[in-house]
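What follows is one chain in structure tokens, specifically the form predicted alone.
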Amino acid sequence: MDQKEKVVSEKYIRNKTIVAFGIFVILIICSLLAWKWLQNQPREEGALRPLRKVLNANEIVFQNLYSTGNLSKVYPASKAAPRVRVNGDAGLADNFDTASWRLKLTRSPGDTLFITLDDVKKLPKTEVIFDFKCIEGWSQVTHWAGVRFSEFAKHYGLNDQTKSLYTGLITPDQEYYVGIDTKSMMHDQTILCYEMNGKPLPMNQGYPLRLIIPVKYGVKHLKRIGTMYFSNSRPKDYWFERGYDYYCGL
């Protein structure tokens, strides 16, 4: 009896193993066919069409879940990294003339303001210490200071502009550019930043003025703002054109 049970058990295990191996092979073949199909799909806005559709669907979900009351976790200054990592240098031209820099704020066609760093510094100062997250997979607690974008918008009469769906930002050399949903720009933790760790921004961190927006991944934190404008259609976006998510929300 014991011998019979042992033989039946071995047969059962062998059959189960064969079935499992067969399923595994089928799944591998299906995966390869699906991958081949995906690679043969046309590109749409920088990404393969099926992937772009998924990213666009994700954006709709995140936008519907967005709330200005959801704040990124804040930390004491003692937790901030003394050496802040740089997440890319696109748009930071070596020949940048700091003396001639002005923030070009386009409120509407024919209505453009040119704002100096001293103008920005006259507005109330806000500090933000949060966990900066990069799409490359790293994060770091960092300490920044500047003026809340919402206060900047109020000061410069951008009431109509902030009703637009999007805000566009471009570096002075035109090499880097982002589009951001204006609701996220108006978040309490979004600042036009001119200090890092209590000192003026280093050149490689976007001197004289950069964006810090804790509800987004680092690719949206444009360094060295040259031009700001508003639109109800998506502004061009550097990494979106290269197949990434447009929203990039956290």
Ligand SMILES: Nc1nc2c(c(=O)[nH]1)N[C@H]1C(S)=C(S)[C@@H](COP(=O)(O)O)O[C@H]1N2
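Note that residue numbering follows the sequence shown and begins at 1. Being a predicted model, the structure only gives us computed values, none of them experimental.
In what follows, reference is made to the form predicted in complex with the named molecule, a form of this protein that is not presented.
- A single residue from the set D119, D89, E151, D131 has any heavy atom within 4.5 angstroms of the named molecule in the predicted bound form; that residue is D89.
- Note on contacts: among K79, R85, K125, R107, the single residue with a heavy atom within 4.5 Å of the named molecule in the predicted bound form is R85.
- Among heavy atoms of A47, none comes within 4.5 Å of the named molecule in the predicted bound form.
- Not displayed here, the named molecule is approached by V219 to within 4.5 Å at the level of heavy atoms in the predicted bound form.
- Interface membership of R210, defined by any non-hydrogen atom within 4.5 Å of the named molecule in the predicted bound form, is confirmed.
- Among heavy atoms of Y75, none comes within 4.5 Å of the named molecule in the predicted bound form.
- Stretch-level contact analysis of 95-103, 137-145, 155-163, 109-117 against the named molecule in the predicted bound form, using heavy atoms and a 4.5 Å limit, identifies 137-145.
- Residues of 144-179 that come within 4.5 Å of the named molecule in the predicted bound form, judged by any heavy atom, are W144, T171, Y176 in sequence order.
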